[in-house]
Every structure is written in C-alpha cells, then in structure tokens.
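Given as structure tokens, the chain that follows is alone and in the form predicted alone.
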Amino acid sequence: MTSHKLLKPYFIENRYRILVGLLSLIIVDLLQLIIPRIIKWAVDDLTTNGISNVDLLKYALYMVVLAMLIGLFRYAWRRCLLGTSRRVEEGLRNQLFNHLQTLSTAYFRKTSSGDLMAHATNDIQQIRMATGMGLVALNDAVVLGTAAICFMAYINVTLTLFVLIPMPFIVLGTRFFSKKMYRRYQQVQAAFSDMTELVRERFAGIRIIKAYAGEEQSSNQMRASSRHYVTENLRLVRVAGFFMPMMLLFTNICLAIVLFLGGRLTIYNTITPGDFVAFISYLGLITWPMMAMGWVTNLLQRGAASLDRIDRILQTPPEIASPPNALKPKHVLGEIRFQNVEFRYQSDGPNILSDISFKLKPGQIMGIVGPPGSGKTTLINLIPRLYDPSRGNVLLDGHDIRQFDLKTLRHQIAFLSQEPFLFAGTIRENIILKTGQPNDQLLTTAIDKAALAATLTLFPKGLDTIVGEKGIILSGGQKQRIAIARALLSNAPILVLDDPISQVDVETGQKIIAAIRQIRRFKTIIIVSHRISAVSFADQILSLDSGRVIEAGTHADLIDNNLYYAHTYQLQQIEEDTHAA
C-alpha cells in the first residue's frame, strides 16, 4: 500500500506537535506504572502491621499527585494527537475537494455524487480515527504493554512467562482477522456510497416522487439499500465482533494463570502479598494494550481501506488540463474556429459530432439550430474545454485552445448552460458568482438586460432573496434569467448561450435577444436555440442534424435553402400567429 504517503506531509508539518503528544502519552503510561508500586508498598506495610496513619496519608498523597500529573499530560496528548488528526482530516478533505474540481466533466458522468459524498465524509472520518486514536492505541500497545511486562518480570520472571503464553495466539489471530476486516470494510464503504447516492437522488427529486405518488416505491428502494448496508456491516461485525472477545478471552486466561500460580507463590512466600497485588495491577494495565491491539487493528484496517479509496481518486489525473508552458494572454480578440472537429463520449462509441468546420470573427454572432440530439450542446461544450475533440482542432485567435492555460481560457468565456444551475444563496450571490463584487451600475445593467428587474420587485428582499437549493422557490424562467444576468455581467470577450430563452415567454424572450444584440460589437457571441427568432439576426447560422452541419449561412440563405431551418421557421411563424390571434 502506497496510499500512506498521503499522510506524510501532514505528519511532517505537525511533527513537533506529534512528538510532544507522544512524549506526553509515554509519560502518562509511565506514571500509570508507578501506581501499582505504591499499592505494593502500602499492601506490604499493611500485612506487616508496620504502617502508621502518616504513612497511609503519604501514599494517598502520592496517588493524588500522580493523578494530577496523569490528568495534565493526558490533556496534552489529547490536544496534540487528536488535534493533529483533526488537521489531517481538514487537509485531506480540502485536498480531495480541490482535486475533484480539477477532474474533467467526463469523470462526473461515470461517478455518482453519493460515492463522492461518502469519500468526503465517512472515509475521511475513518482516516481521522486511524491517525488519532489509532496512533494512541498503537503507542499504548507497544509502550505500556512492554513496560508493564518488564515490571511484571521484575516481580517474578517465571510467572510473567506463563502469562505471556497466550501472546503468540493473539499475534496470529490479529494477522488472520485484519485481512478479513480490510476486505469487508471496503464492501461496507461501497454499500454506504450507494445508500448515500440513493438518499441524495430521492431528496433532489422529491417533487417528482410526490407528483407521481411514488413515496412507497421510494421507501422500498431506500429500505432495500439500507438493508444491504446493514448486511455488509453485520458481515464486518462477524469478524470484528469475534476479534474483541478473543482478546478478552486471552486476557482472562492470563488472569486465571496469575490467580493460580501467583497465589501459590504468595502462599510459599516466594513473592510478597504486595508483589501479588502489584502483579495483578500490571496485568490490568496490559489488558488495555492487549485489547488495543484488536481495536487498533480494526481502526487501522478501516483507515487503510478508506485511505486507499481516497488515494484512488487523488491518483486519477484530469483528462483535461493545462499544458506545460501554457498560453496566458491577458486579453483575447474572440476569433473562434473549428477545423474538422469530431467528438465521441467514449473511444469506442459513435460520433456525436462529425466534420464540424466554421470560423467566427471577433464581434460576430453565430446561431446554432437543430433538432434535439443533433449535437448543439456538445459543440459549444468544446469551446471552454468541458470536453476535448476526439479529432480536429478548436482554435481561439489562431491558437489551439489546448495550448491555453485552462483557467485563463475559461475566464475569457461567459457560459450559460442549457439547464441553469443556482446555488442555495441569494439572487445577488448567484448573479455575481464569477465576477466577484461588481459596482451597482454594472449589476443593474445586467439585471435589466436579462429582463429581471420587474421580477425582483415581486420579492420583498429583492436581490437578497434566498433562492433555496437549486433555486427551488423560483420558476424555470426566473432561474434562467438569473443565469443570463450572471453571463451578461461578465466582461469576458466570448459569450456562449445555450437555449437562453427556452423557459420565458415570447415578449420576455424578445427583450433578452434585443439586449444581446446591443452588445454584439463588444463580444463574440454563440447562441444555441430552438427558437429561430433567437438566432435569425446572427451573422452566421449553423443547422445541425445527427452531429453534422447540414446547412450554414445567414437567415436569408437558409430560408432560400428550404431545408430544416426554413421548415422550422415557417412552423414557428404559424404558431406565433395562432397565439397572437
């Protein structure tokens, strides 16, 4: 396993804190070893009737001082070691989140959100437990166990050797069960991921479930997933649950050996009654290390399984990344060119786009139309490199976009997706998402261009209205106009709009299109739309079908062609005339 290297930077960074914590923990262990010696002295003095009240008080004060020191150093090791585990948790979670944001869109098409949520919560928690209490239990098993055995051997070597007879069985049992626990914990985590994804999906689609009265079916699916998770946990418990009683069994066998043999040695005066009591006390002290061996094995196996799962994600390279010596222009003109572009989502899958070629000059507007599934959205997703072409090139100002620094490239593009996504904040926060904090004039202008001003007056808090998860309090048209305002607020030289007026009425759509036409001199604009009126004014119009350009030209050119564009335009004109009547 190489995934442990993930922890190395955090251990190095917190090395002094860890050293202080381990030193404090060792001091606590050593102080605990003194207590049986004090008990021995007291018992021996009591059995010989050679003790006074002052001596008893002295022994009691020793115990109080030790208790205070143990409490002080225990606080220190908990603060240092458990605090470090929290820092490891924070660091790994941030590292995982940041890496996930670098991964390509294709990765999230094949990985469920529930699986990623399980990694970011349950897996990280198990790693924290392994690096925190796991380290503590491991130290106690080694230091406290070894020291206690040494003190026991000091009292009587023969008795100590008899007590150690079960130890080889503990080692063999630990090795046997640790492998099984590792495999089964992997299965538990996979079941947890599936259940988390089911819960997330059902709550995200709660309105559909209610609309179709699907609560019972949804509950049955949740019950089945939960049962599967419990079943996998029970399979783990069968192993881990057997392990701890095994440790206790060997501990009690040791105690039985001490009672029988140690009692005989005491009767024959080979050891004093105080030694006998101290030996039992030391046996009690190594009971925790023996149990800790089982617990720490469980913790470390869980942590190792989780660490492997996290490492697999962190080792996943982004399919789309900035090249070495990437271009980082401060400003681009906005010329976009496609050269014989082909695209497929899977290497062995069918082409979604085939032989796409066009050139769009700075300040021009391009419209893209076509039936559903013709490849319109896929085409514009290639411009900000959400995907890369399977063949051919996409050029920006004469340079292949794969030569650009990815962040720089995307800063040059204001992108409106087909399904506008809103975060669970205010309307203002959703509009200024990419631009930071603009001045009020720019914000007002963007709101006006998106035909959103009148809508804001309907909300008592206006721009400061909380929209809820995915903008749940808003209609589809309101969400779309907020997303349009977000895109128009950006000063990026390229504006890409995917069906920007699909969820608004005709009059509102005309206002938005008029606003877009006003900024055409300052931006290169690409508009995908099912409404011909949204692209009829464009300098170029592409008509796609089955991923191919079947016609291209101006509105007048395509009307003369009398193909898909012209037929769609005529049908929409009839529909608009019918509604007007």
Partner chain sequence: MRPDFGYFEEKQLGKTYDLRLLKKLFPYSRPYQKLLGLSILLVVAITLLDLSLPYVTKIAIDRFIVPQTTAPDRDTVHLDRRSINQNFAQKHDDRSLSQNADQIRRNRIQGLTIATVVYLIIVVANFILNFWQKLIMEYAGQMILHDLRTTLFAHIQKLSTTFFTRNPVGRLVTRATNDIQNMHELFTSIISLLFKDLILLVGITIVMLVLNWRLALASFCVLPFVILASFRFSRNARDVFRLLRVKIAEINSRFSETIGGINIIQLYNQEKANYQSFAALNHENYRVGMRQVHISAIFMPVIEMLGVVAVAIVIYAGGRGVLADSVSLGVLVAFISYIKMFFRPIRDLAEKYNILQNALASAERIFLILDENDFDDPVLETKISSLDQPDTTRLRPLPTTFESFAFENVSFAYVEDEPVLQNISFQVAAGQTLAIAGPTGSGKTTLLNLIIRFYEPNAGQLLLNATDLRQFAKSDYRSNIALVTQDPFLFSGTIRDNICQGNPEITNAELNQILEASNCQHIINRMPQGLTTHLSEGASNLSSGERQLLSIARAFVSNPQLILLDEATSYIDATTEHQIQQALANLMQNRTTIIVAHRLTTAKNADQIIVLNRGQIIEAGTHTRLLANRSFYFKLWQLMGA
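Numbering follows the first chain given and starts at 1. Computed from a predicted model, the values in this text were never measured in an experiment. Take the two forms, superpose them, and find the largest set of C-alpha atoms that agree within 1.5 Å; that set is the rigid core.
In what follows, reference is made to the form predicted together with its partner chain, a form of this protein that is not presented.
Taken together, the three residues Gln187, Gly349 and Asn351 all stay farther than 4.5 Å from its partner chain in the predicted bound form, as judged by their closest heavy atom. Of the stretches 148-156, 299-307, 261-269, 338-346, only 261-269 has residues with a heavy atom within 4.5 Å of its partner chain in the predicted bound form. Of the residues given (Leu314, Met117, Leu442, Leu395), Met117 alone sits with a heavy atom within 4.5 Å of its partner chain in the predicted bound form. Residue-level contacts in the predicted bound form: of His399, Arg238, Lys180, Lys361, one residue has a heavy atom within 4.5 Å of its partner chain, and it is Arg238. Its partner chain in the predicted bound form comes within 4.5 Å of a heavy atom belonging to Pro384. When contacts are judged by a 4.5 Å heavy atom cut-off, Ile519 does not count as touching its partner chain in the predicted bound form. Proximity of Gly462 to its partner chain in the predicted bound form: non-hydrogen atoms within 4.5 Å are absent; the residue sits far from the partner. Residue contact with its partner chain in the predicted bound form: Pro168 places no heavy atom within 4.5 Å of it. Annotation for 220-235: interface residues with its partner chain in the predicted bound form are Met222, Arg223, Ser226, Arg227, Tyr229, Val230, Asn233, Leu234 [heavy atom within 4.5 Å].
Put the two forms on the same core and the Cα of Glu232 is off by 2 Å or more between the shown form and the other one. In the core-superposed comparison between the shown form and the other one, the C-alpha atom of Phe192 has shifted by at least 2 angstroms.
Core-superposed comparison between the shown form and the other one: the CA of Ala76 stays below a 2 Å shift.
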